[in-house]
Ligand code: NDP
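The data below hold one chain only, encoded as structure tokens and taken in the form predicted alone.
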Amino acid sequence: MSVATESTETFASLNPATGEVVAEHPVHDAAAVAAAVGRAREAAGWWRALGWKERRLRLLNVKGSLTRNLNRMAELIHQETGKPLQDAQLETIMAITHLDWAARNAQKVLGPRGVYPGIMAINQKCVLEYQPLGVVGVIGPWNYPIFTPMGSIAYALAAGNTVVFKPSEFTPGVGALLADLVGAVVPEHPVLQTVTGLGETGAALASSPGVDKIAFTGSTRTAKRVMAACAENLTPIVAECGGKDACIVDADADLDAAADAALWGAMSNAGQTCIGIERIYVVDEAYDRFLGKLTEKARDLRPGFDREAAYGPITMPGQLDVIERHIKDALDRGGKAVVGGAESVRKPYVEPVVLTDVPDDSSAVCEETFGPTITVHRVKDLDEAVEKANRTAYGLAGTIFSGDRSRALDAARRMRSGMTSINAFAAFAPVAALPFGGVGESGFGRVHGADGLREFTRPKAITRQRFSTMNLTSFGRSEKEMARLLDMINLVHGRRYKR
């Protein structure tokens, strides 16, 4: 059993669409968290000593188990988040592919490698290796409860660490099931444990002196509290926080494709996506045609819990107030609702809302909404679109639609974001080899890819003297040795370079 059990108090996981209890889970207090971290510390030595080949084999078998239990996991995600079953299946598939990549590429990315020593240390054999940290604490979100934490869990495990996972209190069952699947494949030691509970449980994990790094996904506000807890022990943290991501539509873009992608980016998962599209900037020549296509498609969407629904309910009840406030503020300040409006908030659902003529300083443009709403803005050209897209403290992801490859690449590079996708929405997310993370209030550090593997290691430099030569770091250093070194430096580095 890889779920910590030292608790008598419980809390309920609820289906946000129906209000029904999905399951009861233990509230793990600080003592229970400390016990889990202690077990993880003991398991870390064994897991590290297994070596690359054995860890790879076990993680690939975990992947196989998750694949065989894909529908079981997806149904649980569907029940705990309310998202459509097919979306939950897609999320689980993405988690599987990331686990596969991390398992297969860890040794290649992190294994020991020789480094050229340079002139001053020509007699040294130089090795760089990446050593596991030990115990990694993962604090996961509710909106993508298997895919998002897998971006830390899989990479931390593949790098040789053990993991204590605190899932969101809205999706504890997903974390418990994942830990059970891993425990069944790796029964010898608890390399992945799940602790469940409310905010206090996460705080206990973040402030634990036995945790070597925290991987956090959630709001910027909560990230600051987690960072304060980590500061007690100087525990490093990788944080993936919120976003206010923009989509730019150039004058020569494929407007049908742009409208389809923008709508999915804004409305899928009821808009509860950190890399979701919340603002669209459309170049003047294409604005009216794009808006017509977008609104036509948006009117056909319907939220619900049935199989025909486009998306599900708002998972976290408190977010409904934020969505309602943003819509009201936009309309009160002269914005227009071309699809939906204030009446679209029908708890626990929010019908699609498309807003135009919204002031740039309104909350609907400046603050993360995390709901199925979107603002569409007319701009004169691509430069203005990029400038307005960057006018935010967030910097997670972005989308650009353009018929000109060089213009699109230039705009993508100028967007202040960790990831940008051209002529598709979030195409980087399923690519396990690409790093994922943001800048500014969207967080720091990276998960996924080689950078994600290195995020959960410490670089270790080792030198070994192969033969004796000039002894420059000695009080017995001779003037002859120093003169010889100066001659070599002048020869190698002293020449002039021409343009």
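Every value quoted in this text rests on a predicted model; they were computed, and no experiment measured them. Numbering starts at 1 and follows the sequence shown.
Here the subject shifts to the form predicted together with the ligand, a form of this protein not shown in this document.
- Of the candidates G340, P348, G242, G371, G242 is the one whose heavy atoms come within 4.5 Å of the ligand in the predicted bound form; the others do not.
- Proximity to the ligand in the predicted bound form, defined as a heavy atom within 4.5 Å, singles out one entry of E169, E324, D254, D410, which is E169.
- Although the partner is absent from this view, F216 contacts the ligand in the predicted bound form, with a non-hydrogen atom inside 4.5 angstroms.
- Interface residue remark: G137 is not counted as part of the site for the ligand in the predicted bound form, having no heavy atom within 4.5 Å.
- At a distance threshold of 4.5 angstroms between non-hydrogen atoms, L90 is out of contact with the ligand in the predicted bound form.
- In the predicted bound form, at least one heavy atom of M316 sits within 4.5 Å of the ligand.
- Per the 4.5 Å heavy atom criterion, the ligand in the predicted bound form is contacted by stretch 161-169, the sole one of 93-101, 257-265, 161-169, 122-130.
- Along 192-223, a non-hydrogen atom within 4.5 Å of the ligand in the predicted bound form is carried by G197, L198, G199, G202, A203, F216, T217, G218, S219, T222, in order along the sequence.
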